[in-house]
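First, one chain by itself in structure tokens, the form predicted alone.
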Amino acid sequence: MNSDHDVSAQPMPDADRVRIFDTTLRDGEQAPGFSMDRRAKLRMAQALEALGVDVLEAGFPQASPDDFAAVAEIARTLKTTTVCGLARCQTGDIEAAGRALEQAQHARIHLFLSTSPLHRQHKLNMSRAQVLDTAVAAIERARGLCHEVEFSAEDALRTEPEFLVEVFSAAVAAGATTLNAPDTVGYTTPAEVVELFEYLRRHVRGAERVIFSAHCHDDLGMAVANSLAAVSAGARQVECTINGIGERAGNAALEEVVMALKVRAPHFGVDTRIDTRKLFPTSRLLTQLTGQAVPRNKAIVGDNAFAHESGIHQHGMLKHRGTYEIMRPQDVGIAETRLVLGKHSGRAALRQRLQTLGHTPDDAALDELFARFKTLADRKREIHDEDLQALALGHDPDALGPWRIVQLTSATHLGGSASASVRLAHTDGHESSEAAIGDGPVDAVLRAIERAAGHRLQLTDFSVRSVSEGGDAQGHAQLTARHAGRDWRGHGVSTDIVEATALAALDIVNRIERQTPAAQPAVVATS
């Protein structure tokens, strides 16, 4: 990297493009419950580069040796995304960031310093003049260590506007190329954000040579709204995180900001370079790496974002997708809209799903099926295709087989593997018992059921979520397994998650046998 790169030669800001500054690996990762090791950070960084983020804040190099190493590894690896390291306006922080970013194709040091009277008095014990001098000295030092410098006035939205103008004007003169006015504590409102950014763009000296950035927190639930307000007032960088993770209530959610700018493009008149088709996969990768799931009703990437259960909504969707969806699920990387069948569903959705499954009942038969469907829906939260198949064939969905669990035991051995044993009964009258060991109780149960039923299953996806509240909450296990070149999905519900997993595995085995009745069970080794 050329350490004497001339920051004054940076290209002029592009008025119709908003740069996406992703801080998932810094502000997001430092939040409780979201910590990632170095390998996970690198994997996430590569996914974010593929997503198309302009700037990736890889970490805070001075925070720890591991953080330094993670930033350095990401800087060496990424090719198209600017890699950024955070630093306080202190010599040690700045030099650590510079060293960590030495091998980056394009490097940015992100300096921050509190400017609000509350922070100046109680956090820094510094005067206005001291804050100003410290910021200028830090920017001048950082300029020689990277390609570009960003300066953040921490708690900017609670800083006196005239002092913020003074600090930012000095930052531009010192060589900063991006000015960030963060709502550090999520206190402000969209109207106030618009007023401030318009004021800054009018009064900061050299404003036309820099990019103004918004970094909003979600303490009052307005991080995305405030970020979009900043864009409407001329900000051309938004700092955000995948799934909105971050300190306290989190940061502005990247996927929400990006899709708002895309869906409402005529209103905002700007775009981003994000490949929106990768939003859902990137979101799911983060949940896998952190173990923290997104709420079902999360905008853009939640399980319910493109799911409809209400009969009125389903009827409208079957007529025209635009009645209840403002974007296509494929635009964010989700395969298709789901019309979820439950107690709120209507005849139109039931008829459509039955037709998909190969059943075309006449009106009288549909009325009879609909009555039985409603009775079943009152007992089950969600109706699956196998339930509908049974209804259409005149069977009891709760009596689906052919296998059922007669006995199930599992044990976890501290410091070692887990074991499980299962006895299954078949509708033809015979029983099968098997035992297995595994990496954990879930793995052991799956292996035991696989052996007892005689079907090889390659697990490809597994999730457990609560479907009720309290100490006796039920867990819903969902498994996806590959068998004979095809993916099969199973569901199970129980207050015991191991039992829920066993029921889901048995669901897959039963689906296989019901749909391939002539096939003989595969011989599965028990060793």
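Because the structure is predicted, anything quoted here is derived from the model rather than measured. Heads up: residue numbers just count along the shown sequence, starting at 1.
Quick note: we don't show the form predicted in complex with 3-methyl-2-oxobutanoic acid (KIV), though the next part is all about it.
- Of the candidate stretches 108 to 116, 401 to 409, 220 to 228, 160 to 168, only 108 to 116 has residues with heavy atoms within 4.5 Å of 3-methyl-2-oxobutanoic acid (KIV) in the model of the complex.
- Of the listed positions (Leu86, Ala252, Leu179, Ile300), a single one reaches within 4.5 angstroms of 3-methyl-2-oxobutanoic acid (KIV) by any non-hydrogen atom in the model of the complex, namely Leu86.
- Proximity to 3-methyl-2-oxobutanoic acid (KIV) in the model of the complex, taken as a non-hydrogen atom within 4.5 angstroms, holds for one residue of Thr184, Ser419, Thr188, Thr272, which is Thr184.
- In the model of the complex, 3-methyl-2-oxobutanoic acid (KIV) lies within 4.5 Å of some heavy atom of Asp27.
- In the model of the complex, 3-methyl-2-oxobutanoic acid (KIV) lies within 4.5 Å of some heavy atom of Ser152.
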